[in-house]
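Here you'll find one protein chain in two forms, each presented separately as structure tokens under the names structure 1 and structure 2.
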Structure 1
Amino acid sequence: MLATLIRTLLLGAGAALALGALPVRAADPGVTDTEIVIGLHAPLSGPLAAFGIDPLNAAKMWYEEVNKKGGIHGRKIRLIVEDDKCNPNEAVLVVKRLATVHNVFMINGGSCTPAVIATQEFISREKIPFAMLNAAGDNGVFPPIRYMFGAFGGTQRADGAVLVEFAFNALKARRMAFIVHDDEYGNAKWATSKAVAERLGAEAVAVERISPRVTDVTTPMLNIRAARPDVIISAAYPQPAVLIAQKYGEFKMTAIPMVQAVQGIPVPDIFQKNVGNDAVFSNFYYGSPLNDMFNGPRQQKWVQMYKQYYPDRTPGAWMAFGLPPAMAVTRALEKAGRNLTREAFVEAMETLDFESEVFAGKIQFAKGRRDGMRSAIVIRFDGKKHTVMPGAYAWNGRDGM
């Protein structure tokens, strides 16, 4: 009997060793039977905090709404919030801390493209799904990186394309003048603007490249005036955009429509005040990725919800931009199912195709596509009243690539 017992114990030990030799898959970080941990980051302090606080709050609001309805397949979302200060070095530290200290399942964050790009090497190496918050720079999504999804509010390529489409179709412009920056932002904008103009049969009669730090745009604006265009398309940042508009008025060019890219006019009332010349706005348009004016009727659902969650804070112009990324994350979590893994989540993100009720076009991804939205509306601004022009315009995803 003793020999039989020893033999049984030895066989059991051998079986245990054999089983121990088999690879046993550990659960992905940040997922338990009751919760999914998501890292959320944005600039919450410093000079660029205005780009981050409201979008991050809006994302938190959406996740809380999902939790109120029972969560995702019985799991509640728990957020770990970090401040990246819109600084690339800080963003890398934040992402590493979220991944290695807080063991998050995925990350939803970033309001500044350079800060997001700085994290890409770590994200790719560690295979952590990442959905940008309101960062939308082209070099964050082109070329596509498997674990990173973004540009929910459209890229520079998309923005450049839709402004030309609008100028050609709505304003009947055939002779177009462009003033764009001489950096990566400007290069991307100009690439699609040029390609769309050529496809439509429009002529670029003037192309002025300026530094983002330019302090005088007299010469480029005189060159544009001399070219006698049908439309002026400005793709400048806020400070240069103000200088351009001032010269546009000073040189009495307002008979020519001006179309301003959204990046240069994040808050139209402040832009108007800085320009200081109401004559500029007699023939002035600007693009927007939203489906309406920020305070328009189609945005009121989100504005009122935000005020309920944050009664002591007035939502800024970037608030709504934080909603579609969070919507995409929760939809992908639903599609990935109860047996949630990071790879299943990424595959689910690649199949998303939905209306956010926030932006002008659908949020769409695919295996070879990581830019989420390619549409925009155009708004006419006369210095007092904002009028949404009919229809939305979209980049086809091919022009300028």
Structure 2
Amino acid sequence: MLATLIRTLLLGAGAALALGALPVRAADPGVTDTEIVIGLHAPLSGPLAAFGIDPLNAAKMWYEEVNKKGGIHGRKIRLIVEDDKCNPNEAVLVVKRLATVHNVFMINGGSCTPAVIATQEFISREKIPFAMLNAAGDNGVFPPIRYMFGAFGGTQRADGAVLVEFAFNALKARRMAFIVHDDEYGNAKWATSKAVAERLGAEAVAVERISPRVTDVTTPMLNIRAARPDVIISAAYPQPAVLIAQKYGEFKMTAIPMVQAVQGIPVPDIFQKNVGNDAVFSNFYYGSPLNDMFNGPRQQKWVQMYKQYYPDRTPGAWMAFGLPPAMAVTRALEKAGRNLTREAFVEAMETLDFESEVFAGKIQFAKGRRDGMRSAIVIRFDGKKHTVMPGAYAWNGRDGM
């Protein structure tokens, strides 16, 4: 009798333990039976807010769409949004706050490379999956770091390679002048531009490394004029890009084509207004990782969706950049399954290979690859009309490495 009672009690206890074991399993932070918490951050104020507000809104819009369709494996996505001001110190604080105060599952954020790079150490130490928003983030993806995925719109390397390929093939330029900043962004851009130019057999006749805080670009432009290049390739930020374009017009250099990296011309119409001289646009091109002009037919689907979500806001050219990272995150969450862990999510991210219908090339990751996209188109802007130049250009992943 006693033996039967003991056996029954032991069986009951065993069954209770076995049943209880399922919900007791420690889940990763930010995941419950009903929700997945994702941290979003970008510059939402300050001079670089144009890089952040629309992409972040677009990412929020995508997550909301996914939630409307029932979420992922029965879980809804909940977002915590923070402003990093594109400031590295601020970005580190924001990421720490998201991870330790809000206990997010993963982070989708960063519009500026230095800010993203600053978070790298914390991300790696705490093993938090991180998908950049619209930062190029070269040093965050080269060499690849397990938990950091990025460059959905292409790295600086890819951007630099594409502009040189375009100048060589479409403009038949053989003597190239470069304007790049003297920071990490400029270093990455210049490394690849130089390598591609050398491979193609073009000559870099002038390389002007300028500070992002430059107040006068007279001498860099005089140096370029003296070098008599076939093309000027500028990778300047918005403010110096305007100063450069103004001098380019002022010094009557418009017979030489100018190719501007997309970072310098976030909103073409405002860029044009700031330059204040339509003659500048007689021979002017800019690169774009999008699959069409911002107002082109292939982008309208996203623009219209954005207008439904944010009727009071006119989206800038950076808006669509926020979509592919969010698409990648939701696809990886799907692939990782119901038993979601950070490690399973990272492994799912590594297998992604999809057309975003936003960018010029596919989003692809792999075990040793953390830069998502390597293609771009080039657009001619004559001051009134934007025309996509024929062909898409892609970085081979080797030049400049």
Partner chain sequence: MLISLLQAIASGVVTGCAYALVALSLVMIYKSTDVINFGGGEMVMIGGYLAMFALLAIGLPYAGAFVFAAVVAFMVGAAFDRVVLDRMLGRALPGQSVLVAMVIATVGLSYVLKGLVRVVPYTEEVRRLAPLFAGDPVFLGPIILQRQDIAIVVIAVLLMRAWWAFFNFTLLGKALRATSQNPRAAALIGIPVRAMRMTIWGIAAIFAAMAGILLGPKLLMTPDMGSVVILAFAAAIVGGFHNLPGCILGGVVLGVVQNLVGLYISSRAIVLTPFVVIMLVLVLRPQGLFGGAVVTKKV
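Bear in mind that the values here come from a model prediction, so they are computed numbers and not experimental data. Residue numbering: sequential along structure 1, first residue numbered 1.
Novice: Pick out the form predicted in complex with the partner chain: structure 1 or structure 2.
Specialist: Answer 2, the form predicted in complex with the partner chain.
Novice: Have a look at F168, A91, F130, G153 and flag the one at the hinge, given that one rigid part turns against another between the two structures.
Specialist: Where the C-alphas swap which rigid part they fit better, we find G153.
Novice: Treating the chain as two rigid parts, what rotation angle in degrees relates the smaller part to the larger between the two structures?
Specialist: The answer is a rotation of 12 degrees for the smaller part.
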